[in-house]
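The form predicted on its own is given below as one chain in structure tokens.
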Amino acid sequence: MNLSALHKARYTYQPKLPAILQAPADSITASLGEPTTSVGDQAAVKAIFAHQYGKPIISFRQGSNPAMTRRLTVGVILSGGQAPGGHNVIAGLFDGLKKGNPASSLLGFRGGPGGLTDDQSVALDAATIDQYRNTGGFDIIGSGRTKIETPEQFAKAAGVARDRKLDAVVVIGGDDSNTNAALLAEYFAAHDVPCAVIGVPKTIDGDLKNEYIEASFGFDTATKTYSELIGNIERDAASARKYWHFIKLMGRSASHIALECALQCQPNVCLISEEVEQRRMTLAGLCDEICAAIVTRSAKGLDFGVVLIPEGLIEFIPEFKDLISALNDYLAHQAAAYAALTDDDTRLAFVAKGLSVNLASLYANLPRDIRLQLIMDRDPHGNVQVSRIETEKLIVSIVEKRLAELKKQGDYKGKFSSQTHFFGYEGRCAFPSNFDADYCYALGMSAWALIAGGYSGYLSSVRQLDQSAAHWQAGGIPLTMMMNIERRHGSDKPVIKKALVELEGKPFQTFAAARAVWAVETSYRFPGAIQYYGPSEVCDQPTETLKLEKR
């Protein structure tokens, strides 16, 4: 490979670790907390996870523990969308295994969970691992979105675990992937498969977190990448002074990315899906609020601005939430009939017949492109692929119409020109920030410590992330602790509950206190590119969200 200068330099970076994970392997032991319960639907979750439910929270501490040095064979899977730092999770897991016992080995299952069921594995040795340290992407073994959910798939996974004599499988993924990990752990326990399952919290969306999982890895790097781009656009907008930029950002089920980027960049408008839902705002209503900022700024001679829109916004607008839920259920139950249709007009008519009168009317009044985007192929979990829905263009079209009405009434005299953007894939495989490089390496080594300690059904956890890495606390939390029951594919399923933006939390309240000024003034903030070298306050800082949450 012809490596860039930064690529070469990042190989030399040594991730920082919590003090406990720097200790010799045989001096790391576990402290166990009280039995836990799921966040919701306790009886139903307990019935599904009879062997896993109620396990205690684990924190690692120093103490003699010779068992940590036993020889292990571990498999690792990258599941779902990419997030910066995944390679360092694998590097931390590998280094932990070798620290415990140099004879231990690590197998990578290619292409996600399907690589486990199909036994598509590769031995990961030191030379291979060294090619990927501190780099972005998931290309070391690739990822995939296959779900292990049928009895045949579980049986095949068990067979591979037995044949390969695996002591554990590590699933690096988001909430759905780690739900799958919990189900796999339960199956292995119920069928006496001597293989542990450990999860690692990944998602740039930031919606896999709680008191013990303070951040999902990749969120830090992705939001800093997007914020650099937003800051660049803000500077351009203030220079050209002729465009309103509407920027859609990743974040399907929660607005953490949009909120973090707003805190970093101070745009004129940032929509927060959770607030839209709480206020029961209509699409027309939220567009009116955008128009209010445009009109006020125009009166000051400022015919430019920046609007941030979370990817999943449309699912939080009450009438659209009902529409999407109805579409998901209908298409799940009519999958075969829908798949047999051969042209878009027929598909649109077929779907309209399956909706209530009110929802059919809403659907019919949407632009054709949006109607088609709402019925595109579902993801493996049965959800509409909201990244394909051009919400930013839908909002621009409504804003344009409303401004034309205001101009006709004499309430608006400005000029409105727009540009639309979608920042998504740009942030998923960036070189991880120092924070994510450190955090992911620690998560990987903590996963090793859980395996070596004989634990299964846990999510690797590293806490106290607002402090320096040496003071971070490593351990694990039971996957079942994060579960509730939700409607998926037309039926009730156990899933890890997504963490949404808390409207009473400090990050949102800080944003809410400032946004009225940002709306009418040009208060832009320019974070610049991610820095890897220099003072700690430039290179090692966590997100604004995390700092505010920990105050």
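Computed from a predicted structure; not experimentally measured. Sequential numbering from 1, following the sequence displayed.
This protein has a second form, the form predicted together with a small molecule, left out of what is shown; the following refers to that one.
- With the small molecule omitted here, the record of contacts in the model of the complex names 251-259 of 462-470, 89-97, 251-259, 350-358, defined by a heavy atom within 4.5 Å.
- Between the small molecule and the residues T128, S387, S121, T146, the one pair within 4.5 Å by heavy atoms in the model of the complex involves S387.
- Only one of the listed residues (G108, G475, G80, G457) places a non-hydrogen atom within 4.5 angstroms of the small molecule in the model of the complex, and that residue is G80.
- In the model of the complex, T203 approaches the small molecule with a heavy atom inside 4.5 Å.
- Not displayed here, the small molecule is approached by R428 to within 4.5 Å at the level of heavy atoms in the model of the complex.
- Not displayed here, the small molecule is approached by E311 to within 4.5 Å at the level of heavy atoms in the model of the complex.
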